[in-house]
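Take a look at this single chain, the form predicted alone, given in structure tokens.
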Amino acid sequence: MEELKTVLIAGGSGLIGKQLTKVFKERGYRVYKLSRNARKQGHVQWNPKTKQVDEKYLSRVNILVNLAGASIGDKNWSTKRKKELIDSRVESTEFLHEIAAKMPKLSYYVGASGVNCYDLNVDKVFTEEDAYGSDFLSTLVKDWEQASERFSAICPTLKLRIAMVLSNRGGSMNAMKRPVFFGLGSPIGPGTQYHPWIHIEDLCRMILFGIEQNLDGTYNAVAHCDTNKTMMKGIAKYMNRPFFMPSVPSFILTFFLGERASLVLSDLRVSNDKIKKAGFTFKYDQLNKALKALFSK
């Protein structure tokens, strides 16, 4: 009888990690999660800061999925917070690379990345071949991806530049739903700015697809790009709430959020041609289809 493939997930307790764990198990994989507080079954103790890890299960690992990283949108980007955001991604990835030496069966690596790595150019649809931008997020993603690239000397390495993840269990959708729930549905900023997005189910399917097709390289994990106004209006429709308030001015967001306001004010369109040419088919490739699925649950 063939031995179960074993997956180790860093960041497995987050929004994507929880859903991905379920998908892997349904597919017949054995799953372990790296955790700083490993009290649950299947959790493996680690601390990238102190470079400590429980080595008990490392020799079993075939596939390493790295989703580790502090939340980009939770806190203002002070100098201290920026360092935390960088360290939680780059340092943890470098530590994973160190302990990969204790994974003799490692045959595939998936590294999360961000789609906010491109320059700001509203007249362009960006592909994976385009250069990094020069702002904070672009620099963060560049350093993060360079750390992941070190795995390419060991095994095929997939770097997914993940867009806004649509889920009914948290993340960006919670923030977008909150004002709509209180009857304050409106565009944020000009409303004409494009947001790349992906349904969480498609993201998990894409990770599985990459592993099973042995994809190597960098791919945009984007289902579609829609304007902020279209997205907010769609959410209001499915929540059966009004959508009539005037746009929230950009300067107000910048006043309260500082540099972090770029997460909702940046105008970004990104191509998904590369992953589709590799054979991946999106289940939710239109916003209406994705929102209908999310709000029906």
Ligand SMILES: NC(=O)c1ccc[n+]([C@@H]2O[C@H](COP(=O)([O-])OP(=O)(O)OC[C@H]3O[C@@H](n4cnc5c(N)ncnc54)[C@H](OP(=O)(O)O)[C@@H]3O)[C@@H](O)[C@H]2O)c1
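Residue positions are given as counts along the sequence shown, with the first one as 1. All figures in this text were calculated on a predicted structure; none of them were measured in a lab.
This next part talks about the form predicted together with this ligand, which is not shown.
Q: Would you mind picking the one in 147, 106, 164, 184 that has a heavy atom within 4.5 Å of this ligand in the predicted complex?
A: Exactly one residue meets the criterion: 164.
Q: Heavy atom within 4.5 Å of this ligand in the predicted complex: which of 70, 239, 245, 263 fits that? Just give me the one.
A: Residue within 4.5 Å of the partner: 70.
Q: Against this ligand in the predicted complex, would residue 15 count as a contact residue? Criterion: heavy atoms within 4.5 Å.
A: Yes, residue 15 lies within 4.5 Å of this ligand in the predicted complex.
Q: Would you classify residue 168 as touching this ligand in the predicted complex, given a 4.5 Å non-hydrogen atom cut-off?
A: No - in the predicted complex, heavy atoms of residue 168 and this ligand never come within 4.5 Å of each other.
Q: Does this ligand come within 4.5 Å of any heavy atom of residue 230 in the predicted complex?
A: No - in the predicted complex, heavy atoms of residue 230 and this ligand never come within 4.5 Å of each other.
Q: Answer yes if any heavy atom of residue 113 is within 4.5 Å of a heavy atom of this ligand in the predicted complex; otherwise answer no.
A: Contact with this ligand, yes.
Q: Just one stretch in 119 to 127, 212 to 220, 156 to 164, 96 to 104 has heavy atoms within 4.5 Å of this ligand in the predicted complex, so which one is it?
A: So the stretch in question is 156 to 164.
Q: At a 4.5 angstroms cut-off on non-hydrogen atoms, which residues of 77 to 106 are near this ligand in the predicted complex? List them in order.
A: Those in contact are 88, 89, 92.
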